[in-house]
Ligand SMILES: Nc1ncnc2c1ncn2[C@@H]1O[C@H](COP(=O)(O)OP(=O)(O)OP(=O)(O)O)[C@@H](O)[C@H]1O
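Only one chain is included here, represented as structure tokens and corresponding to the form predicted alone.
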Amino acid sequence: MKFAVCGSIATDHLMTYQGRFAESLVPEELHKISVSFLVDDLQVRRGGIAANVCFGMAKLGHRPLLVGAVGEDFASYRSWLERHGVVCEHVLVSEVRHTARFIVTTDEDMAQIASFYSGAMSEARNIELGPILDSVGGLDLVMISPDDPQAMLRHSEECRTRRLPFAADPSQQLNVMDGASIRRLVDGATYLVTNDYEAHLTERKTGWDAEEIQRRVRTRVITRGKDGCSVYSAGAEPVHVGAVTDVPRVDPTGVGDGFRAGFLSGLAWGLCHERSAQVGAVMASYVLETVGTQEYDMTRDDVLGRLRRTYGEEAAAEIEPHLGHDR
């Protein structure tokens, strides 16, 4: 199956704070907040949601198409992604802007304070999916992950017009999009993917309750951190999958991207939602135990071991034939 992942491509600046943000925040004074945190570490890593998802899918043996906008400083990052199996020929290169930057500080509770500079990402609204479809002979699914909001709306509209299945993943952009835009983005999606908080925010900003959203999307996937995830499909019993818990919690940045990479990979293999979510949870565990969203390594045997320990022999046996050689 051919999957395209549209969204952000960025450089991550990851810092750690040896304390708790909550101890420095005064709830009744948040309207005039002015605080500074002395960080103990700085790691500069490759990132961006679409790039992270594509990297994870490539680690599982797929050849996902990365669709997004970058600056001319993308050359070494492009080489890294292509070397790991990501197709980058459809990435737009800006002549005037730098590749986006994500800056985040994580405290001892795994709470995060982050900022994002869009840079070249703002030019993603100029990307047409039609020529990409023509060049690759069609697509089975397009994931529309956080990106320039106008690009996200353009991609979803083009998917509906072309009757192309798509997954809506508004994530961080829910904060800046109004209700009408969110409704335009998710309506008719084959999959709607959010975390638990974003699920409630989607309902509040769209004015649609859970039942109305379920009528407008085929399948709703809600991740719940340490509590795993839930998958809701019309006419089917909800699926609940627990998280992989026997790994160190080092850095949560990109964990959701790892889950999406595994979940999409399961779908591409033709697995059911439960098995796909289990692959997603295993991929998320690799991201959680490393600093950086694309710095993890994995072996076939270790993936199967995590599946067996967490979900049982039957799950591992069903997924095993789809796992290729170590990359």
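Numbering starts at 1 and runs along the sequence shown. Just so we're clear, the structure is a prediction, and the values are computed from it rather than from any experiment.
From this point on, the text means the form predicted together with this ligand, which you will not see here.
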Quiz prompt | Site check Arg249, Gly254 and Arg260: each within 4.5 Å of this ligand in the predicted bound form by heavy atom | solution = yes
Practice problem: Could you spot which one of Thr106, Ser156, Gln173, Thr223 gets a heavy atom to within 4.5 Å of this ligand in the predicted bound form? | Solution: Thr223
Quiz item: Which pick from Leu264, Val70, Val67, Ala284 sits with a heavy atom within 4.5 Å of this ligand in the predicted bound form?
Solution: Ala284
Quiz item: Heavy atom to heavy atom, is Ser94 within 4.5 Å of this ligand in the predicted bound form?
Solution: no
Quiz item: Do Pro149 and this ligand share at least one heavy atom pair within 4.5 Å in the predicted bound form?
Solution: no
Exercise. Could you confirm whether Gly188 comes within 4.5 Å of this ligand in the predicted bound form, counting heavy atoms only?
Key: no
Exercise. Answer for Gly85 alone: is it within 4.5 Å of this ligand in the predicted bound form, judged on heavy atom distances?
Key: no
Self-check item: Contact stretch among 236 to 244, 111 to 119, 74 to 82, 137 to 145 - heavy atom within 4.5 Å of this ligand in the predicted bound form
Solution: 236 to 244
